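First comes one chain, alone, set out as structure tokens in the form predicted on its own.
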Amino acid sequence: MTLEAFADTIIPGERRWPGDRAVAGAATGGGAVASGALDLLVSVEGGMAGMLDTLAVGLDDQATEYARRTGLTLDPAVPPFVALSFADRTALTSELVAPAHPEQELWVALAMFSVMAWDTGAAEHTVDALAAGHPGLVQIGFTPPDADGLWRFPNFSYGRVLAKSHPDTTPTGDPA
């Protein structure tokens, strides 16, 4: 729940149900959570799965300290980061990713998973993500594949071929 709230802070979306506490509902449409940020984090390919419990504890510790400094009372029914309002989540996250923060690289890396989930649909195959209406890919206008699930680009984006393949390039595209 804490990592969902962090992902929602990076790219906000609308609540999944009326009592959703992790997703604050700060935006319409799907955000990082609906785009599969948690799926990407726990994936083998993401390489973060073994650290997620520790990251969630660290984020909740940061939220508890933030609440103490700012005089907030946190709802004990949810993890501390989730108990923060969206504005406070955003303020805390801004502190964590600031260049002067000693753990900046850690929190920026975690934030990047939200961005990757939203703007690449990296948690699933792109064809499947587009077929399911992936919020990020739809929002950025990602071109759907042809009917056979493949992308072809009959027109060069600059209106001309930029370079010929090296003469030793194999039929599969590998350089010789």
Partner chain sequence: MTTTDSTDVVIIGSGFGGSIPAYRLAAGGARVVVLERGPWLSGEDFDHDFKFGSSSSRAFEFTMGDGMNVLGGNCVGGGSVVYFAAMPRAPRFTFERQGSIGKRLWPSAVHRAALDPWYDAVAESLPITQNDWPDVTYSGGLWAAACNHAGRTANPVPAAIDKSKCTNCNWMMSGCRFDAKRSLLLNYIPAAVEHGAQIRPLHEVQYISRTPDNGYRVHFNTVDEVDYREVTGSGTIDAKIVIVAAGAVATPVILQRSEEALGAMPSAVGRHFSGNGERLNTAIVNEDKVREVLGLSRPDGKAYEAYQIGKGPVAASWDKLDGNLPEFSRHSLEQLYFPPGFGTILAQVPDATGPSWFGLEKKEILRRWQSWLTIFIMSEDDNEGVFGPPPPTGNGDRISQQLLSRGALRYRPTENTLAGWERADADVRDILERDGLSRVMPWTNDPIGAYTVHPLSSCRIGDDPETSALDDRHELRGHPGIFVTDGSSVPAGLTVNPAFTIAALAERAVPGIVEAAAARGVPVRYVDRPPAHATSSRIRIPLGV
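What you see is a predicted model; the values in this text were computed from it and never measured. Residue numbers count along the first chain shown, from 1. We call the rigid core whatever largest set of C-alpha positions still superposes within 1.5 Å between the two forms.
Absent from the display: the form predicted together with its partner chain. The rest refers to it.
Remark: Gly29 counts among the residues lining its partner chain in the model of the complex, judged by a heavy atom distance of 4.5 Å or less. Although the partner is absent from this view, Thr120 contacts its partner chain in the model of the complex, with a non-hydrogen atom inside 4.5 angstroms. Proximity of Phe153 to its partner chain in the model of the complex falls within the 4.5 Å heavy atom cutoff.
Its partner chain is not drawn, but in the model of the complex it has a heavy atom within 4.5 Å of Leu40. In the model of the complex, Val108, Ala111, Met112, Phe113, Val115, Met116, Trp118, Asp119, Thr120, Ala122 are the residues of 106 to 122 with at least one heavy atom within 4.5 Å of its partner chain, listed from first to last. Relative to the superposed core, Trp17 undergoes a C-alpha shift smaller than 2 Å between the shown form and the other one. A movement of the C-alpha atom of Val44 falling short of 2 angstroms is seen between the shown form and the other one when the two forms are aligned on their rigid core.
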